[in-house]
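Consider the single chain below, provided in structure tokens and representing the form predicted alone.
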């Protein structure tokens, strides 16, 4: 009886996952097919191999610079989000629990503001940022940190709700651990999956962001893809496909890392 009751649930679960996977795979398959098109009715790898052709180095230089800028922005954005958001959330949870609702409200505000409206407010701010830090591409990470804040907050919040950080911190403090030891050696290992999830989300958002970079006159992957698509739509499709595969691979790798449990030494 139990087996009969379980099997339909498993079948339904796999059916739903299969349908969702098929819907997600169709655009990717279409992109691969388009990137392989050659003469009518033929497929070729010329568009892929042409990217690495030294003769096309000048043609695709801006595109490779955009890729490098986006990767740099992803790293800086992840550092900013984890360095500022996680300690703040832990401090509020341990010391100021009454402020948790206000912190959540502040962190979720950016999701309600369209990117183009956000840029209008950030434009004067970036005038000051440019005078202080210069107009380097990495300064765009400040804006991206605000953009990914709602998603990163929910990821870290879910990890914190799964463990009793108050009890963990009190137990560590009762054993003589300082606050830095409590944070880095007790709390961070227990919420690392949330931090890794926030990092993946931040990376995906940065790799796919176009509006803020375009309106602030910065060059990233998406603005470079738009420029190259006017002259070579095949290469633009290839780089968009590679960005998707990179984000997927990063998701799998970080998921595996987050699933690894720390080894316990046997006495």
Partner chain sequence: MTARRSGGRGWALLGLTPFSAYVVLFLAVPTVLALGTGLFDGDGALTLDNLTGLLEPAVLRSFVDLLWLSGLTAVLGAIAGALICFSLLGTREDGWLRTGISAASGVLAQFGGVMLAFAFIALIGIQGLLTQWLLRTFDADIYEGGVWLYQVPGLILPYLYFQIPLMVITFMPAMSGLKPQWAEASATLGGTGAVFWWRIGFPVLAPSFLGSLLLLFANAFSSYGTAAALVSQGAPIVPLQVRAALISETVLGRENMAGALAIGMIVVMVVLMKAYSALQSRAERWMR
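Positions refer to the first chain, counted from 1. On a predicted model such as this, the values are computed, not experimentally measured, just so you know. So that the term is clear: the rigid core is the largest set of C-alpha atoms that superpose within 1.5 Å between two forms.
Although it is not shown, the form predicted together with its partner chain is what the next lines describe.
A.B. asks: Taking a heavy atom within 4.5 Å as contact, would all three of 13, 33 and 96 count as contacting its partner chain in the model of the complex?
C.D. replies: Yes, the whole trio is in contact, each within 4.5 Å by some heavy atom.
A.B. asks: Verify the contact flag for residue 59: yes if a non-hydrogen atom of it lies within 4.5 Å of a non-hydrogen atom of its partner chain in the model of the complex, no if not.
C.D. replies: Outside the cut-off, so no.
A.B. asks: According to a 4.5 angstroms non-hydrogen atom cut-off, is residue 173 in contact with its partner chain in the model of the complex?
C.D. replies: It does: once its partner chain is placed as it appears in the model of the complex, residue 173 has a heavy atom within 4.5 Å of it.
A.B. asks: So, in the model of the complex, is residue 134 in contact with its partner chain at a 4.5 angstroms heavy atom limit?
C.D. replies: Flag for residue 134 set to no.
A.B. asks: In the model of the complex, does residue 225 come within 4.5 Å of its partner chain, counting heavy atoms only?
C.D. replies: Yes.
A.B. asks: Taking 4.5 Å between heavy atoms as the contact cutoff, choose which of 119, 160, 71, 188 touches its partner chain in the model of the complex.
C.D. replies: After the contact test, the surviving option is 119.
A.B. asks: Identify, from the list 181, 88, 82, 100, the residue with a heavy atom within 4.5 Å of its partner chain in the model of the complex.
C.D. replies: So the residue touching its partner chain in the model of the complex, by this definition, is 88.
A.B. asks: Go through 106 to 127 residue by residue and record those having a heavy atom within 4.5 Å of its partner chain in the model of the complex; state none if no residue qualifies.
C.D. replies: Going through 106 to 127 in order - heavy atoms within 4.5 Å of its partner chain in the model of the complex - the hits are 106, 107, 109, 110, 111, 112, 113, 114, 116, 117, 118, 119, 120, 121, 122, 124, 125, 126.
A.B. asks: Superposing on the rigid core, is the Cα displacement of residue 32 between the shown form and the other one 2 Å or more?
C.D. replies: Residue 32 C-alpha, core-superposed: shift of 2 Å or more.
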